[in-house]
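First comes one chain, alone, set out as structure tokens in the form predicted alone.
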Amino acid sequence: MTLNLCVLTPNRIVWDSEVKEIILSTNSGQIGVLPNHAPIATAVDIGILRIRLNDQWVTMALMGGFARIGNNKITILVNDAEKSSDIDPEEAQQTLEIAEANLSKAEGKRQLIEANLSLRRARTRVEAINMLSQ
């Protein structure tokens, strides 16, 4: 038995196919979803989506949004998403270093919040690449 997974951003469909299982980062922690999961709607955190296709795992960096699970169908609506295989490791590491520098230079509440979000996004992209190489 499989699940139909659809990952959407405002600009494109990132994923639309059958999967065996997913592990999703939500605002209240990670959840695993197998076929016949109870219906749920949840907020998606900035984090990693792990997708199992038969015996292979694929990772994706998600940048926050919402997910709806029910009737063996998972719809994930996010601000942005990247498959780990599509992320350039050098660019991701450089973006992480810039985000860390921006956080240390942030002044005021708004800049601090924006710098923290940029850092979380950059760390998630690097983490997605590191999971790919394991």
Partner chain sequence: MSCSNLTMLVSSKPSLSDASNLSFRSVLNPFQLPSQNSPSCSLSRSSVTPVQCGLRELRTRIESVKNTQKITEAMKLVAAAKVRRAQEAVVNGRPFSETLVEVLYNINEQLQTEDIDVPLTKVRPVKKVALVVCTGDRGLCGGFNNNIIKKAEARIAELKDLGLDYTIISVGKKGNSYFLRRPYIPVDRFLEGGSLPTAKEAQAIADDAFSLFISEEVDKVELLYTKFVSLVKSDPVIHTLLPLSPKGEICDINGNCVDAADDEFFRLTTKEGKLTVERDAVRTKTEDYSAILEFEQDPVQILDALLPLYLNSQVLRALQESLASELAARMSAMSSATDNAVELKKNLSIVYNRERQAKITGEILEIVAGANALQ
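Positions refer to the first chain, counted from 1. Not measured: the values here are computed from a predicted model.
There is another form of this protein, the form predicted in complex with the partner chain, and it is not shown here; the text below is about that form.
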| query | finding |
| --- | --- |
| Site test, Leu5, Pro35 and Met131 vs the partner chain in the predicted complex, non-hydrogen atom cutoff 4.5 Å | no |
| is_contact(Asp80, the partner chain) in the predicted complex, heavy atom dist at most 4.5 Å | yes |
| Contact of Ile31 with the partner chain in the predicted complex (heavy atom, 4.5 Å) | yes |
| Residue contact check: Gln93 to the partner chain in the predicted complex, 4.5 Å heavy atom | no |
| Proximity of Pro89 to the partner chain in the predicted complex, heavy atoms at 4.5 Å | no |
| Heavy atom contacts to the partner chain in the predicted complex at 4.5 Å, residues of 21-46 in sequence order | Thr26, Asn27, Ser28, Ile31, Pro39, Ile40, Ala41, Thr42, Ala43 |
